[in-house]
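Shown below, as structure tokens, is a lone chain in the form predicted on its own; questions about how it binds or moves come after it.
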């Protein structure tokens, strides 16, 4: 199976609030998908559908070709999950936690669990509730990885952690899992870090997917342009696929996400020329697309 995850037309409402609106996503085996969005945008709601915790009101969710609500054993036995709130039993010692999970997962690899524990410098006799937040994150990641799941779900796992722990999660671990031909969905608002590891990026805003594409395509199709007009303008020009105009007089700048041919045609009709063009970071793209359209005259 090449598609590990397929979500089609997913809609979820909580009372009068629409948390997800016609969401469609797919994730191929061995790839890392970075799901970006502000708090409350719908990232965790998507992940809870993947885990089978929520029943779709409209649309469908398939993981390994299975419905996670109807076949939780077939799905959850091959999914590793790590969230910002680790949910680990605080009274256990680390080695007791390993035994606990070993009883649940027949694919648990104790040698691999020990390798991870040693790599993370975690005392096997340490009581979990006495560990720091960063250490608990390492223990949670060890537990999520040690049975070698086909799909790893990371829901804001590095929020509030120091840069060293975040780098461990994002570079050495996430990429290592992908290199084993496993699959990762990583939800975060730390965009500079997603930019380091993601093959694919999806942006969600107020429950809707704004775009989902390869990281290269997203960065190449979004750029900041500056136009110089032959005459003074008192308002922003109208160009399709242009966001967040800023400027005055004869020079105006915007984020542009269309193709070059369309831009050239629009600029020609407006009696202007492109005088500056630059590529954007993922963080800049996110903030430009999240912000309301603003015109400055």
Partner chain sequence: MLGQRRRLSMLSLRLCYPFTRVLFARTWRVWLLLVVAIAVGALLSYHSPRWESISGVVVGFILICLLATLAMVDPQETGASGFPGYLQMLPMGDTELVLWPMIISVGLLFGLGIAISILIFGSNSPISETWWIAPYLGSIGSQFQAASWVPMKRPELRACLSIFTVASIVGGPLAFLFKVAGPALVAMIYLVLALCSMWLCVRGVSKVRHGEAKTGNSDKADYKIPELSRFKSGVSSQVWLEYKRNGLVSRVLNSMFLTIFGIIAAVSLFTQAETVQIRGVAIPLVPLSVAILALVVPPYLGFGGCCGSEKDNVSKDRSLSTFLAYRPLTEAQIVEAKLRMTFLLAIKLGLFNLGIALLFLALPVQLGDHRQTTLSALVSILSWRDYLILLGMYGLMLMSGMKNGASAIWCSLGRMQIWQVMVIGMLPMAVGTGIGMRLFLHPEEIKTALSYLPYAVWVIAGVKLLTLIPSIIVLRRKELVADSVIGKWLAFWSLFGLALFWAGRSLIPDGILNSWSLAAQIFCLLPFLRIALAPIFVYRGRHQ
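Residue numbers count along the first chain shown, from 1. What you see is a predicted model; the values in this text were computed from it and never measured.
Just so you know, the form predicted together with its partner chain exists too; it's not on screen, but the next bit is about it.
Enquirer: Picking from 63 to 71, 224 to 232, 33 to 41, 256 to 264, which part of the chain touches its partner chain in the predicted bound form when contact means heavy atoms within 4.5 Å?
Expert: Of the stretches listed, the one contacting the partner is 63 to 71.
Enquirer: Using the partner position in the predicted bound form, report whether residue 245 sits within 4.5 Å of its partner chain, counting heavy atoms only.
Expert: No, residue 245 is distant from the partner.
Enquirer: Hey, in the predicted bound form, is residue 112 touching its partner chain, heavy atoms inside 4.5 Å?
Expert: No - in the predicted bound form, heavy atoms of residue 112 and its partner chain never come within 4.5 Å of each other.
Enquirer: How about residue 219 - does it come within 4.5 Å of its partner chain in the predicted bound form, if we only consider non-hydrogen atoms?
Expert: Although its partner chain is absent here, residue 219 would stay clear of it in the predicted bound form, with no heavy atoms inside 4.5 Å.
Enquirer: I'd like to know if residue 26 sits close to its partner chain in the predicted bound form, meaning any non-hydrogen atom pair within 4.5 angstroms.
Expert: Heavy-atom contact with its partner chain at 4.5 Å: absent for residue 26.
Enquirer: In the predicted bound form, which of the listed residues (123, 208, 195, 213) lies with a heavy atom within 4.5 Å of its partner chain?
Expert: Of the listed residues, the single hit is 123.
Enquirer: Which of these residues, 161, 116, 191, 97, gets a heavy atom within 4.5 Å of its partner chain in the predicted bound form?
Expert: Flagged contact: 97.
Enquirer: Under the 4.5 Å heavy atom criterion, name the residues of 201 to 222 that approach its partner chain in the predicted bound form, in sequence order.
Expert: Going through 201 to 222 in order - heavy atoms within 4.5 Å of its partner chain in the predicted bound form - there are no hits.
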